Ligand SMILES: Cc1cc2nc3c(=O)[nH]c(=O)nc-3n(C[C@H](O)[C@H](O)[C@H](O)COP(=O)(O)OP(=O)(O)OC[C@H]3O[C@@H](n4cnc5c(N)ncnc54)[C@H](O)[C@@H]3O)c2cc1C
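Only one chain is shown below, in structure tokens, and it's the form predicted alone.
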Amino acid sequence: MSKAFEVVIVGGGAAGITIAAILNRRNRQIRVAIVEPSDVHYYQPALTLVGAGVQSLSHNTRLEVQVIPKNATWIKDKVVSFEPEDNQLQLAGGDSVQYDYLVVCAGLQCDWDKIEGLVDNLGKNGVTSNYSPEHAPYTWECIRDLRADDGPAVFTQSAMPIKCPGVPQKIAYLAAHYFQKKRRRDIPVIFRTATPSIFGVPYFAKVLMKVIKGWGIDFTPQTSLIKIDGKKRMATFVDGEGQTSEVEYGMLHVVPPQSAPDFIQSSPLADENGWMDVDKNTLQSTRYDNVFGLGDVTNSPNSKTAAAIRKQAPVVIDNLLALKANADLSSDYDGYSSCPLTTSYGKMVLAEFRYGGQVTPTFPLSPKVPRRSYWYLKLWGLSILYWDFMLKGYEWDKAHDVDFVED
């Protein structure tokens, strides 16, 4: 069976729902379909809070049907292939869907199987990950119950690109603070990352190195987790020179390697690395004029966060509607992203930046200072912005300071 819509959106996560909601507010006459197989929608930026025992998973979960705009048609199926030359895509259920305009926001996939032993041990033997919503509560169990005799708390980060690069270190800081509060300072905290530094923006890397030193965290860059032995509670790492080392752990928080979904990698929309190939400013496909992409699935060189999606979505809508009206594409995305970096229970650094690592704060405060006010922004404000404004299609926003001089 073939279905036809004016705009088809692939992906019903943060980006897909935001696109549909904005279209709904701008022009209710446009026939929109969202292709999304999942029944559940998570507010993923809060999974760190779940893993730290601050919030419950249920508090950050909605049914997918609750967030899809009423005028959009939900196609509960998976895309298996794209046929952009014919303006259609094929679904796992056997149907085809035709479109005038396509917006791809399929997110990324966690490649759990690329670390030996991870799949078999995730959720048990002290192995956990906040990149898996179902296992974020287990992260809290591991932190809460860990004792010095069990071994160190080990946190890892895989090579970029990954979703929200602040996630791996935020939970390490919160764990270190929790151990201190509970007078378990004798529990070593280890953080090992495949990246060359703690953060990709030098201004914030300096800030975060002070945080690491303040908590006494054993930090090693350019080191990747390659194997887990759950029975022995042993993690194997390899460094940049190919040398392997083993670390015994009490708990192990893992960030798996990540990539574009398989059906994107095998499609004509992908670049040589498998990510959807888009113009980094207009977010238009480099090959097909009536196709746009945003969010984690694209190769635009921005940090993959919900904040980036919030800035990208209006640009995609502006340019899609301009194309529809036979006008020039005049709206540009400048690479803005934001990483709310919880440095302790009660304080947070709000890292905001755009292409080139330029610091672009929204608030007239020094971005390098961990603040209690930002903690409450993380705790309540950003989730309200997400559920009640972003996913409802409201476009009001406060401009970030592109003329900020680093202090």
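In this text, residue numbers run from 1 along the sequence as written. This one's a predicted model, so the numbers in the text were calculated from it and none came from an experiment.
The next section is about a form of this same protein that is not shown, the form predicted in complex with this ligand.
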Is H177 near this ligand? Define near as a heavy atom within 4.5 Å, in the predicted bound form. no
Since only the chain is shown here, I'm wondering whether T61 would be in contact with this ligand in the predicted bound form (any heavy atom pair within 4.5 Å). no
Would you check, heavy atoms only and a 4.5 Å threshold, whether P367 touches this ligand in the predicted bound form? no
Test of understanding: in the predicted bound form, would V10 fall inside 4.5 Å of this ligand by heavy atoms? yes
Please determine, with the chain shown alone, which of 192-200, 269-277, 142-150, 72-80 has non-hydrogen atoms within 4.5 Å of this ligand in the predicted bound form. 72-80
Residue within 4.5 Å of this ligand in the predicted bound form by heavy atom, from A306, V97, M251, L118, is A306
Proximity to this ligand in the predicted bound form, single hit among P314, G107, P161, P84 (heavy atom within 4.5 Å): G107
Candidate spot A15, P37 and V167, all three in 4.5 Å heavy atom range of this ligand in the predicted bound form? yes
With this ligand taken in the predicted bound form, which residues across 251-289 come within 4.5 angstroms through any non-hydrogen atom? F263
